[in-house]
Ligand code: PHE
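Take a look at this single chain in C-alpha cells; it is the form predicted alone.
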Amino acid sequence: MNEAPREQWGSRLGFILAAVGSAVGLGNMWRFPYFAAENGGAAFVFLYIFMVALVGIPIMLAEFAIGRGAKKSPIQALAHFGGRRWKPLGVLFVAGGFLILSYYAVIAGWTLRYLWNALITGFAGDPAAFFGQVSTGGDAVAWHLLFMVITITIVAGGIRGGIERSAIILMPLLFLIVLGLAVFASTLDGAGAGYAFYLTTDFREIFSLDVLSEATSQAFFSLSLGMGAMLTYSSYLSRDDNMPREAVIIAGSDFLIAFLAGLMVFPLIFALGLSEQLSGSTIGALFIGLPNAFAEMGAVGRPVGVLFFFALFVGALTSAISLLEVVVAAIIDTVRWPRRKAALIMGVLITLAGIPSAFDITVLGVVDQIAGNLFLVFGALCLAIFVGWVMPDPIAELRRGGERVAWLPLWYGFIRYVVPPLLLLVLYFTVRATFEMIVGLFGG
C-alpha cells in the first residue's frame, strides 16, 4: 500500500506563526499575568523566563528533534526511534491533546459567546449573573459546538490550506490588537496601580517551590509542551529549517504576547476601581471582572471589549487547532484515514467528550488539573528521558538545518541531567495538587 506524501509547511514564516499560535492561547492572555500578579510580580516573570530557558526551550527542541527526525505523529515517531515499548508515551500525548481540547473548547466557546454578545447587545449589566447563565447548560454546549466546528473546518483544510493560512492571517492580527489595547490601557487614569499590582516584586517568591512549580507548569501550558503539539508540527518541516533558532523565536514571541496581555488587563481593571474582583479564580476574573470593566467604561468600553474578546477567541482558536492536529495526525498515521474523515470523526468525539465540562465547571476543573497539568509535566519528563537516554544522536538531527549551533551539547547535557530532576520536583507538586483537589471534591 503506497503512502501519500507527507504534508509540509509552505514557508518558514507559516510554521513559526502556526507554532506561536499553538503556544499563544488563554494561558497567555490571562493565566500568565494572573499568576504573575499572585506570585511575586516581576519575580514570577523572572522565574518564568528562567524556566523557559532552562526547561521550556530544551523540551521544545526535544519535540522538534523527534518530530522532524521521524516525520511522523507522536505514537509512530516515538516507536521510530525507541521501538514499540515507547508507543504508550505517544498515546499519552494524543490522549492529552484529546482531553485538553475537550474542556478547552468549552472555555473558548465562552469567549465566542462574549464576543457575540459584545457585538450585538453590549456587555450585561450583571456580569456575574450573565456568566452563571452562559457558562453551563445548553448555552455553553451550543457555543462549545460552534467553536469545535470552526476548529474542525480549519484542520480539515490541511497544513498549508487550513492551519498555515489561518495562522498567517490571525497571528499578526492578534499581536496588533494586544499591543493596541496595551497602549490604550496605559492612557487610563489609575493605570499605574495596575502596573504596580502586576509587577510589584517580591523576590522571596523565587525561593518558593510552589511558585517554581507554577512557573514551570505555566511554561509547559503556555508553550504547548508535553502534549505532542510541537512534535506534530515539526513533523511537517523540511530538513533545511534551523530548529534551535525557531525554538528561541517561538518562545520569545509567546512570552512577549503574555507579558503584553498583563500590561493590557491590569490597567483596565485598576483604572475602573475593580481590583477587588481579582480575587478568586482566573476564570471568574476573566469572564466577570473584565466585562464589568468594559461596561463601566461607557461608550468606549464596547469596542475595547469586542477587540479584547476577539483576541481571546483568536488565541484560543490557534491553540485548539494544534491540539486537534495532534489527534488527527495520529489517526492519519496509524489508521490511514484521509485527513477530512479523521478531522470530522475525532472532532465530533472530542466535542462529545467536552459536554460534561459544559454542564459542570467542577468537571472542567478536574479534567484541567489532570490533563492540562499532570499529563503535561509527566509527558515532558518522559520526553526528556527519551531524548536524553534513548534517541540516537538527537544533536545531529537538530544540526540538519545547516548551521552549527555551539550550545547544542549544553542543551543535550540539560536534557539528560538537569531537566529530569527539575520535572520530578514539579511533578511531585502537581500530583499533590491533583490529590488535594480530588479529596476536596469527593472527600467531603
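Residue indices: 1-based, along the sequence shown. Given the structure is predicted, the values throughout are model-derived calculations rather than measurements.
Just so it is clear, the following notes concern the form predicted in complex with the named molecule, a form of the same protein that is not shown.
- No member of the trio Ser213, Thr216 and Leu381 reaches the named molecule in the predicted complex with any non-hydrogen atom inside 4.5 Å.
- Proximity of Ser357 to the named molecule in the predicted complex: non-hydrogen atoms within 4.5 Å are absent; the residue sits far from the partner.
- In the predicted complex, the named molecule sits within 4.5 Å of a heavy atom belonging to Ser319.
- The named molecule is not shown here, but in the predicted complex it comes within 4.5 Å of a heavy atom of Ala23.
- The named molecule is not drawn, but in the predicted complex it has no heavy atom within 4.5 Å of Thr111.
- Taking a 4.5 Å heavy atom cutoff to the named molecule in the predicted complex, the contact residue among Ser222, Thr351, Asn292, Ser135 is Ser222.
- Here is the short version: of Ala105, Leu78, Val265, Ala229, the single residue with a heavy atom within 4.5 Å of the named molecule in the predicted complex is Ala229.
- The stretch from 357-365, 148-156, 85-93, 319-327 that comes within 4.5 Å of the named molecule in the predicted complex, counting heavy atoms only, is 319-327.
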